[in-house]
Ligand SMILES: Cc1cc2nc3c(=O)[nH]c(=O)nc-3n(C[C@H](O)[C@H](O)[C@H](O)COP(=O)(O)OP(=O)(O)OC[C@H]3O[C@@H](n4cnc5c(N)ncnc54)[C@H](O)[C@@H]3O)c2cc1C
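Okay, so here's just one chain, in structure tokens, the form predicted on its own.
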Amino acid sequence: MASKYIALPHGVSEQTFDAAISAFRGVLGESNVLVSAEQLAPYIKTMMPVPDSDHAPSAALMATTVEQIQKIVGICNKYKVPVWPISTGKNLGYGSAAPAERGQVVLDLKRMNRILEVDKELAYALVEPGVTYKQLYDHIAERKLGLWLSMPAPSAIAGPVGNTLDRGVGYTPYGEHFLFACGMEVVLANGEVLRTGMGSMPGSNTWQVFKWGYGPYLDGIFTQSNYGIVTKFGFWLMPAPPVFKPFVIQYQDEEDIVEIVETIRPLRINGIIPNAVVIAHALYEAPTKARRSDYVTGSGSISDEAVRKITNDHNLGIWNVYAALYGTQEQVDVNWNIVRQAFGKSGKAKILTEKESAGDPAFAYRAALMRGDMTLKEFSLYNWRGGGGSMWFAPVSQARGGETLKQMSLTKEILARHGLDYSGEFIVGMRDMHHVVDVLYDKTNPKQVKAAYECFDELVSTFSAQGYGIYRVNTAFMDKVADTYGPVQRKINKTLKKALDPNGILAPGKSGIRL
């Protein structure tokens, strides 16, 4: 007989799950426990090249308080029901709101969306997991607090808690988000509530200003893991600078990436350019201005000739380097002279400021990100090929030109072999580079779905074999990426899991971690 649920947790009978659902309703009320296919539709659809049914939840729970979450984990322990917490559920290229494994219960925290504190003088915020960047942005703007956010590209719909816990990045000087996190409240699998750092000290007023507290620093183990449910999160905000000067530097040959990185690295390490520099390939920027179908017909990857025509038609470089200067006018003037001299040596660079780039949609959305403003323009990428398929491939390299060229060439070669386009960018940290590639395909086309899966699998295997670690991945490939980091790390992760979550109820499979 068919189950009345669209999926059941692994190893849990329908009768047992009925009892768990009844208990959840006792805590949350019937309307906040979702079980029908229609209600669960937002938690099923993904952009990954696997059947959405592989990630179908058994139910979704809409919690609003810490006390409710404590009771929910108690029920999950009693009935051995796995629960997958989400904040806004907009992690589109990494798996969206769907759980890692079929049958898990989604714990949706988007209604837990209070902004608990924003301190103007000390420049920090304390928020709940459902708070979006847009909500916090509006809160700051309405009160004229003079503080800037750092946010990822899908800024308006994402939130700081989910993004930082997955170790996402932004584009202001505060762009390494976990570096600026300060203090968490976490519901553990046994229902206890931990406040990390100074938050464990009764009466402390330094929870959001001193990261370390006393003893081992615990905040890191709650990122990219399944050891607890974060219910409050503190992080630092950037005071609005007197002057903000965004610019783009264009180069016209793919091999120029070597010169670009070698020029940027000392400027980043010495703080001349204080924000994460983006080196965007032409096909990463093209969707803001053009459609693939205008340049390509038939199957296969786009040709170099077509890419060159796109750059000529739409005033793009093969590489487009976006960065900004921040500070007083005097500071900006000095640093601008240094930047111009550094990039002007070879004669290859075309340097454009806000004045020369007025009206350019690609520059406008990059400038918005670098000043912490709202934009969803990067979602233009999903219109490039169409069909709703997308996975982010994100290996890390040293900030060296030769390493960057090697990664770009290798990625482009593998993508082309599977008939897919190279749409990538490098985000330059202080000494590292995040290579972010959007593997775009048509999810309604079975051949492209197969090609995308095989391509992504090959990318992970090939890059890890050459020592390039992937720092973040979609839920379909979490186990494969976890394996690339070796058995000792997997063993330690499992040991922590057994200690903190002996029944394995919290998000089994997250980052490849389970009992």
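What you see is a predicted model, and the numbers here were worked out from it, not measured in a lab. We number the residues from 1 along the sequence you see.
Omitted from view is the form predicted in complex with the named molecule, to which the following refers.
- For a residue to qualify, one of its non-hydrogen atoms must sit within 4.5 Å of the named molecule in the model of the complex; all three of 159, 163 and 168 qualify.
- Of the candidate stretches 481-489, 466-474, 28-36, 447-455, only 466-474 contains residues with a heavy atom within 4.5 Å of the named molecule in the model of the complex.
- Shown alone here, residue 245 lies farther than 4.5 Å from the named molecule in the model of the complex, counting heavy atoms only.
- Using a 4.5 angstroms limit between non-hydrogen atoms, residue 426 is distant from the named molecule in the model of the complex.
- Using a 4.5 angstroms limit between non-hydrogen atoms, residue 418 is distant from the named molecule in the model of the complex.
- Although the partner is absent here, residue 94 is a contact residue: one of its heavy atoms lies within 4.5 angstroms of the named molecule in the model of the complex.
- 392 is the sole member of 124, 343, 392, 174 with a non-hydrogen atom within 4.5 Å of the named molecule in the model of the complex.
- This chain is drawn without the named molecule; in the model of the complex, the residue among 84, 207, 441, 319 with a heavy atom within 4.5 Å of it is 84.
- In the model of the complex, just one residue of 494-515 lies within 4.5 Å of the named molecule by at least one heavy atom: 510.
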